[in-house]
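Quick setup: one chain, the form predicted on its own, written in structure tokens, and binding and motion questions come after.
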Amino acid sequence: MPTAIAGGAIAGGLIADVVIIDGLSFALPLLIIAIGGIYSERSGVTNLALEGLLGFGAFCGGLFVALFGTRFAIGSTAPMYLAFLCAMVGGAAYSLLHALLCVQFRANQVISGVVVNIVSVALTGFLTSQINASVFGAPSNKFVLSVSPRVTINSFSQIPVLGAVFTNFYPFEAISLIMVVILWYIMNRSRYGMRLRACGDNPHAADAAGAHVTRTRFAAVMFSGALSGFGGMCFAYSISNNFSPSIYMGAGYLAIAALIFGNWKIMPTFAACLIFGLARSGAYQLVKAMELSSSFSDLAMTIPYILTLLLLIFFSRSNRAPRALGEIYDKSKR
């Protein structure tokens, strides 16, 4: 009996570690995407286009690997890091469409975000198929990526429970944590962050104080595109090891829900993303431990979205969006 109990405890500990490891690999890219949304919306531009931005960014990164990945030495991680850079550039470039529509041409920001998402799904799917057929002679709708390495810090991995954080993690998770600290500082402690927040709360006052509202909002939307591209590339490397239409799995919309639940603040949004990531991973491991069919695994993937509905129902009343969020800025009305 004691042996059985000890074995059960060990198995439970291993499952808990896996839940944490897999939960973080989903939560941290989701957080980076959500922070991109925070930057855009704190400047006053509603950004429902995160789903399309992460998909187009991942497409650009996957295309780079498909075209140039074989030119590097076997086992080199350089293509992976360059793919992340290309994804950020691609996401920022594609976000220009949303920025032009919303900031320059003063279109409805909600409709613009929906259109950007739809166009991204159709465009990347079409281009992937055409490039594979014409360049590689293979009718496929995906770009196959190399397997991302994982890292374990042995001196910390033995710590009970928390050691899972330092076990078998992707390099982009460490990069994401560093980015979170920098992005938090920029938003809350820098002069640029103060101006960006002013543009989302009172753009006319910000303009009177010397801030260029249009330029600030334009840059914020492009910055959200770059961060979304980074997050999309994280999912491409960690979840599927390829770029395909399956990259559009609703993570962009989940990031929007996380930032709303986090009240457009980075650290509360971090907590929301952790809840979503651990819930997703925990549900999947529960299905696996109970040896249920694959259809139940698909059902487990809906847990973060069900949590989103519940959290928004109970906490939406206390949310305080930027006062000028979604409002078209007209300098002549100052």
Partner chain sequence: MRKDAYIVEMRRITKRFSGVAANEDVSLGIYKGEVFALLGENGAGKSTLMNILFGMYEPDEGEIWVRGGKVSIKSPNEAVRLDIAMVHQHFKLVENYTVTENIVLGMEPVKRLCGVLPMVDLKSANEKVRELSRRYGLEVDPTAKIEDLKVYARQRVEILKMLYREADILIFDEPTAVLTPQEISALLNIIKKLRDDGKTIILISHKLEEIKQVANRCAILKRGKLLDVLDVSTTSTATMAKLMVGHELSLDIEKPPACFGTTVLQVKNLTVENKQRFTVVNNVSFSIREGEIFAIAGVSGNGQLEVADAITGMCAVKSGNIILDDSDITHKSVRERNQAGISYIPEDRQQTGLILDFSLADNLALKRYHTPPFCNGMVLRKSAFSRYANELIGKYDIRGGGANGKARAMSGGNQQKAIVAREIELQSRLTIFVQPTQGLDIGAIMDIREKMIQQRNNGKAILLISLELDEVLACADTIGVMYNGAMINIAPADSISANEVGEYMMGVKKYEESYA
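Positions refer to the first chain, counted from 1. What you see is a predicted model, and the numbers here were worked out from it, not measured in a lab.
Below: the form predicted in complex with the partner chain, not depicted.
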Next on the checklist: For a quick test of understanding: in the predicted bound form, does each of R215, T216 and A220 have a heavy atom within 4.5 Å of the partner chain?
Outcome noted: no
Item to check | Residue stretch of 73 to 81, 184 to 192, 99 to 107, 114 to 122 approaching the partner chain in the predicted bound form, non-hydrogen atom distance within 4.5 Å | outcome: 184 to 192
Checklist outcome for this item: Among I247, A92, L254, A206, just one has a heavy atom within 4.5 Å of the partner chain in the predicted bound form, namely A206
Next on the checklist: Considering non-hydrogen atoms and a 4.5 Å limit, which listed residue (I260, M88, L145, A198) is close to the partner chain in the predicted bound form?
Outcome noted: A198
Checklist entry - Hey, in the predicted bound form, does R320 get a heavy atom within 4.5 angstroms of the partner chain? => result yes
Item to check | Proximity of G137 to the partner chain in the predicted bound form, heavy atoms at 4.5 Å | outcome: no
Next on the checklist: Just checking whether G210 would be counted as a contact of the partner chain in the predicted bound form - the rule being heavy atoms within 4.5 angstroms.
Outcome noted: yes
Next on the checklist: Can you tell me whether T128 touches the partner chain? I mean in the predicted bound form, with a 4.5 angstroms heavy atom cut-off.
Outcome noted: no
